[in-house]
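So this first bit is one chain, no partners, the form predicted alone, shown in structure tokens.
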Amino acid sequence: MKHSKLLATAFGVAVAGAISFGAQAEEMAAFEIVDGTIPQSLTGTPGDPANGRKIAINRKKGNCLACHVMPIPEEQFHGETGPALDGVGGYSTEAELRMRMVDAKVINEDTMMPSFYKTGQHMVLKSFEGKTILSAQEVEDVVAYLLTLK
């Protein structure tokens, strides 16, 4: 069994009046990768599937629709570069989904899926430097939503 402990800290500076995205000035949650998954919640708080759905749809947050067809017919312009997510909760575990959201490159180094809970990524907008795209709780919310897709 492959184990690795990761602990990171995200630092962000909010500029008055500026619009900012991602988790700012939030200490990142410690998590353990076990066999290419993250079995434990990042927050210890259950995810909210309704909020996770909102994040997945939000073009400035999760933006899942940019790459995936999803069972969200009221939204237009579903992407097709990633796999369709209808049914993902029936064939993926919570731990697998959490790993994909945190850092999909751990599973597939060639993936174009962004790491939603990782800092230090290359070629990001200045407004994202040192920040994660989603907070730890937002990751948990999206995972909870994806698990409802069976």
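All residue numbers refer to positions in the sequence shown, first residue = 1. Note that the coordinates shown come from a computational prediction; the quantities given were computed from them, not determined experimentally.
Unshown form predicted in complex with a small molecule; subsequent notes refer to it.
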*Even though the small molecule is not shown here, does it sit in the predicted bound form so that 38, 118 and 136 each have a heavy atom within 4.5 Å?*
no
*asked:* Give me the residue from 67, 95, 33, 29 that has a heavy atom within 4.5 Å of the small molecule in the predicted bound form.
replied: 67
_Is it the case that residue 46, even though its partner is missing from this view, gets within 4.5 Å of the small molecule in the predicted bound form, heavy atoms only?_
no
*Would you check, heavy atoms only and a 4.5 Å threshold, whether residue 51 touches the small molecule in the predicted bound form?*
no
*Can any non-hydrogen atom of residue 101 be found within 4.5 angstroms of the small molecule in the predicted bound form?*
yes
*asked:* Residue-level question: is residue 85 within 4.5 Å of the small molecule in the predicted bound form, judged on heavy atoms?
replied: yes
